[in-house]
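Form predicted on its own, single chain, as structure tokens, below.
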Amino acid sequence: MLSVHACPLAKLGGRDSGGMNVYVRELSRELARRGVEVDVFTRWRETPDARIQELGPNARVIHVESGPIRYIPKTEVLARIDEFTDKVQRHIEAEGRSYDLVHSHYWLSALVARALAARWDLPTIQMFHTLGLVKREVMDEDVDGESEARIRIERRAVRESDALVAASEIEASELEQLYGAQPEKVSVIPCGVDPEIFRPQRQVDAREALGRKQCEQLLLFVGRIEQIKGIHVLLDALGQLFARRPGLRGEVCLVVVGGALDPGDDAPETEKLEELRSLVHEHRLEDVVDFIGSLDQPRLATWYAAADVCAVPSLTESFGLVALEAMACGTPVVATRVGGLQTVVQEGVSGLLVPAGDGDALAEAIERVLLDHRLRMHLAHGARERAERFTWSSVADSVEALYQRVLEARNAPVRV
């Protein structure tokens, strides 16, 4: 496994830490339980981490020193990608290891995959998690534009990889239409959720555990503090909701999970979190918005259970793991009608879908769920049922079958 910028052991909700980290970690562990030996190579960015850490029997995370051991922007990660690749090669040679295939995650890892595949004649499987051309359609170029280098690397990976993994039919279509991917190379494999962690709890118990008021109406946002996650749209929607229904201001609270820095960072907050606080002030929402930083998954599950509704206002989303986690906890979701969210959330069954970037529609949907108890209970029941179809075990079934097909096409047996 190659996950250059996203360590599967990283604290979630910080910079460049989110659903992809969870995906790599849970898939690696599930494959390892089946006897597949998995090594995850990732950039070393947190000083307390050991260079090699166990993910479980048969699975390791190998931290590669490439640049300073701290967070660095993706542009700097890209500038050091040759150094990263060289150190991965040297580590493999020093251990005398050999691999059957390379599974690469995100466009930065695709460069490393190409070098390793050429050196050892290995088949490669690529999963992007997000696509540069899709982000370009929705992002403000002046704020967070995607580089030509990224697009070139993605196009090459689509062309040269033995197989491509898409998290949804919509992402598969984007790969084919925007990147010219051959349909037979694309496998649609949705993400999963851990039902032992993300499961229904009594709301009253969850709120008691968190010290929250039983009578408040709690709106939850979980994710990185970035434009693409649409939290600025959510704040606008909340302002509109209070303008229409002033009486809700004293009853509704928005809890924001995410935005923490890496351990050892000197700055008290990320620049984008500071910008978000300014936006909260602009909308005069200081008294109704709580920032609680990043959480481990058991604590996050308690927040999902405590919430009345989870808002996922992303401008684009290849899958939408936050929505699935919330649904597994029996929490209704109000999400944007983009990417994989359209396949995860069933309109009117497990949640409500609204157009991306539409604060008015988002406000109306949140209002419906908060004020209509019968609708909220209906969506909660549908959310739990829907989430039961997505497990990491089923993800690993599909991925392992894909590995087998790729290896058989190369006339190579699987060594486990």
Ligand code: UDP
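One rule holds for the numbers: they count along the sequence shown, beginning at 1. Remember, predicted model here, so these are calculated numbers, not experimental data.
The discussion below concerns the form predicted together with this ligand, not included here.
- When contacts are defined as a non-hydrogen atom within 4.5 Å, none of Q126, A166 and G339 contacts this ligand in the model of the complex.
- Though the partner is left out of this view, K229 does reach within 4.5 Å of this ligand in the model of the complex, counting heavy atoms only.
- Contact check for Y179: no non-hydrogen atom falls within 4.5 Å of this ligand in the model of the complex.
- By the criterion of a heavy atom within 4.5 Å, S294 is counted among the residues contacting this ligand in the model of the complex.
- Not displayed here, this ligand is kept clear of A328 by more than 4.5 Å at the level of heavy atoms in the model of the complex.
- From the list 221-229, 277-285, 156-164, 110-118, the contact stretch for this ligand in the model of the complex under a 4.5 Å heavy atom rule is 221-229.
- Checked against this ligand in the model of the complex, the residues A172, C253, V134, V257 give one hit for a heavy atom within 4.5 Å, which is V257.
- Contacts between stretch 308-330 and this ligand, counted in the model of the complex as any heavy atom lying within 4.5 Å, involve E317, G320, L321, V322, E325, listed in sequence order.
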